[in-house]
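One chain is shown next in structure tokens, namely the form predicted alone.
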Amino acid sequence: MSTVTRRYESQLDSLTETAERIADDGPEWLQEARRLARRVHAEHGVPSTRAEEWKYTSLRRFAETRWSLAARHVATSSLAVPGYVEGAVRIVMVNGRFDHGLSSTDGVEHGVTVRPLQDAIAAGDELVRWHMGQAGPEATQTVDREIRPDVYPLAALNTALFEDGVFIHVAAGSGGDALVEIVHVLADPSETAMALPRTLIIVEKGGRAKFVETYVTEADSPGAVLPVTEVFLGEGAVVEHVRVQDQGPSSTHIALWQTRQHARSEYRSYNVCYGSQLARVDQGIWLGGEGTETRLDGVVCANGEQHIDSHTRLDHAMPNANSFEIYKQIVDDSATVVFNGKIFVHQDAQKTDAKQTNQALLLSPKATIDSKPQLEIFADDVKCTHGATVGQLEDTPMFYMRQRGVPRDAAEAVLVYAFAAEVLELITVDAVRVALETKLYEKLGVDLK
């Protein structure tokens, strides 16, 4: 066992009292899930760079911090909560807990249910139990039962310690492209504050919805956020899911985002990462039905000394399914970005069409990119491609823009945006797309107003 793992386990003592208190709350299935999660995390601890899946990302500083759960009671009246669409359903989670005062569910459409996860658990909601607990041998994929604990032990920590979350349910044939914004705010100034939000989204057969999930910090809170998001799509469901990580530059963000699709469902996901000193997002999508359509795209922009790690995994388990993945990464100053993209085509997944592209743009000679695209194919009638490219801005377009009086910084920003636009322009909610474009320019230090 690595030194990093031992150090973290010894510091987990500071959370033992909280873990024991939480372990006794809730129904028996949840208590069992928490006990299992504690055992998993106690066994595997925090991954070190000796683990293949973590070889490019060191968690030493995270491991050496004595964490405590973020404050339960926060003065929220002055919190700046970002929003994209006026009048949209907006759920605000503060320090990992559902905030009724800041949330607005007035626009919830018929057939769409939005409620605190703890309320759904306390009410004995069978859908929550089925998707999160041990509800029989045919229960769908869950974080605690299906993922590799040696790769995702921090997701197990979330299961052991989360106090609340948000549960969204779209009934069969409902939604009508309903838009739900979920805003996670870390609002604890302590350097050792840890928030553990949980999001469970279930879209039933033929349901349609759009989700925008945003992570921010209040006044650059330097703590850590360890979220888990689970999304389940029924047969023929259509979902667009935009995830925005824009935490302050001193914070830590280590997330797991899991999705399971059933037959003929369509899932379009866009992972946009701008914030945090250290960030890691593991996104996995299980294509568990014939005729599924999947997009798994991302835009990462890192500068200063940021370290942003993106791990993706697409499992083609059934035939006649299509997946398309484009990851664009922009790296400046002394920042580092990591891309590890895996596509697994299982033996039964004939007629699979899977395309994966990773492109990185280095804006500084000190910037670093570690790219590792992977394909594992166990079927013989497939069309699968993958590739990775790393480069710099081309001199010719820069020359022409400078000749026309465009300042260097603005010219560079326009060219960088053109590079990222292939992903951002796919977002169908105009207000979200414009906000992310504007934020990209701000990240590059350019005001085009």
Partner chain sequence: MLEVRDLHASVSEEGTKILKGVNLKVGKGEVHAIMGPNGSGKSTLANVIAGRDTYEVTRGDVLIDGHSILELEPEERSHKGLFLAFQYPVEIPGVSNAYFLRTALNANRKARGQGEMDAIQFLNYIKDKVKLLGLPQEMLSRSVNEGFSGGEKKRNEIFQMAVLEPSLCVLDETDSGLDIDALQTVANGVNALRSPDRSFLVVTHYQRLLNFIVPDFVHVMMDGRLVKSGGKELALELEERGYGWIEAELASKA
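Values in this document were obtained by computation on a predicted structure and should not be read as measured data. Residue numbers count along the first chain shown, from 1.
Heads up, the form predicted together with its partner chain isn't pictured, but that's what we're talking about next.
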- [ ] Would you please decide whether Arg35 lies within 4.5 angstroms of its partner chain in the model of the complex, comparing each non-hydrogen atom pair?
- [x] no
- [ ] Decide whether Cys384 counts as a contact residue for its partner chain in the model of the complex under a heavy atom distance cut-off of 4.5 Å.
- [x] no
- [ ] State yes or no: in the model of the complex, is some non-hydrogen atom of Arg61 no more than 4.5 angstroms from a non-hydrogen atom of its partner chain?
- [x] no
- [ ] Evaluate Leu393 for contact with its partner chain in the model of the complex, applying a 4.5 angstroms cut-off between non-hydrogen atoms, and reply yes or no.
- [x] no
TODO: Could you check which residue among Arg39, Arg66, Arg402, Lys55 gets a heavy atom within 4.5 Å of its partner chain in the model of the complex?
DONE: Arg402
Task: Interface stretch in the model of the complex with its partner chain - options 407-415, 25-33, 46-54, 384-392, non-hydrogen atom within 4.5 Å - done: 407-415
